[in-house]
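Okay, so here's just one chain, in structure tokens, the form predicted alone.
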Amino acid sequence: MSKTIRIKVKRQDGADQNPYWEEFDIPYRPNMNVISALMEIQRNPVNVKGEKVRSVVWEYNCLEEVCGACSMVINNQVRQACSALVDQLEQPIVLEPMSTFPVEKDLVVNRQQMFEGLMKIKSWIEIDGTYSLGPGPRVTPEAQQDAYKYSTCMTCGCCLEACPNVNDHSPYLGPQAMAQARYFNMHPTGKRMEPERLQAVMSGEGIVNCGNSQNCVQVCPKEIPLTTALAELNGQVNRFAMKRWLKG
């Protein structure tokens, strides 16, 4: 008898529908990841009751833990489905959508709030673009290395899912937006907009809502030093507030 894998999926037929659970048995293959398991269900969407059902909906793109599209909760841990190997997971493998974001269908969520957060902290460098500005300012190799860690953020949403302070009862933008504010403030040209970013970080949606649980840094797939960014950003905000107070 061939080996099978039991997959338990929390499903939802639409944004305004109630969630329900459905289980599937799929044939085992060595070196499978969760994405390949979902593809098996897609090829043959028959549940454990023998019923032909709608195929499970999920998001994926790069399959190399670079795009962040396949974020989901796997056995109670938020992570990337493409790097979650079946052989390393307890069965049944339980798949759920991230709960921090509105569910659109099955395992697909709407992460629009993350992009809105990036707009609020002005995560860009303003350059006119209509003419050459010449060579940019020099950046030391050490500063480049520090900044590179933050540039790997793929807006996957894992840190917001793990953060207990990001929820319907809090306006907190979350660790991802805070870390990106720190990242753009590190750039010599981006630093010109530092006061505007710090204003956003000081707002009711900002760092004051961080409870220092440090869950975010534990689940980040890219191992971005989020808690370091939060600590450094907190220091920047305090100095900025003090300067404003002294100026009257």
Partner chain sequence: MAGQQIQPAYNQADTRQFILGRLHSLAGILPLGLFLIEHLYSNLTAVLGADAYNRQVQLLQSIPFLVVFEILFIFIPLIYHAGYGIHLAYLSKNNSFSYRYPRNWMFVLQRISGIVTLIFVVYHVWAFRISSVVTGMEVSFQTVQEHLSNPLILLFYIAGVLSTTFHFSNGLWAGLITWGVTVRPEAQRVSARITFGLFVILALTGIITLFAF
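Positions refer to the first chain, counted from 1. Note that the structure is a prediction, hence the values are computed from the model and not measured.
The protein also exists as the form predicted together with its partner chain; that form is not presented, and the subsequent description refers to it.
Here is the short version: of S55, N61, N31, N212, the single residue with a heavy atom within 4.5 Å of its partner chain in the model of the complex is N212. The contact residue chosen from V78, V109, C82, M114 relative to its partner chain in the model of the complex is V78, the criterion being a non-hydrogen atom within 4.5 angstroms. Under a 4.5 angstroms non-hydrogen atom cutoff, its partner chain in the model of the complex lacks P27 among its neighbouring residues. In the model of the complex, its partner chain lies within 4.5 Å of some heavy atom of R244.
V46 falls outside the set of residues with a heavy atom inside 4.5 Å of its partner chain in the model of the complex. Its partner chain is not drawn, but in the model of the complex it has a heavy atom within 4.5 Å of E232. From the list 128 to 136, 156 to 164, 83 to 91, 141 to 149, the contact stretch for its partner chain in the model of the complex under a 4.5 Å heavy atom rule is 156 to 164. In the model of the complex, the residues of 167 to 189 lying within 4.5 Å of its partner chain by at least one heavy atom are, in order, N167, H169, S170.
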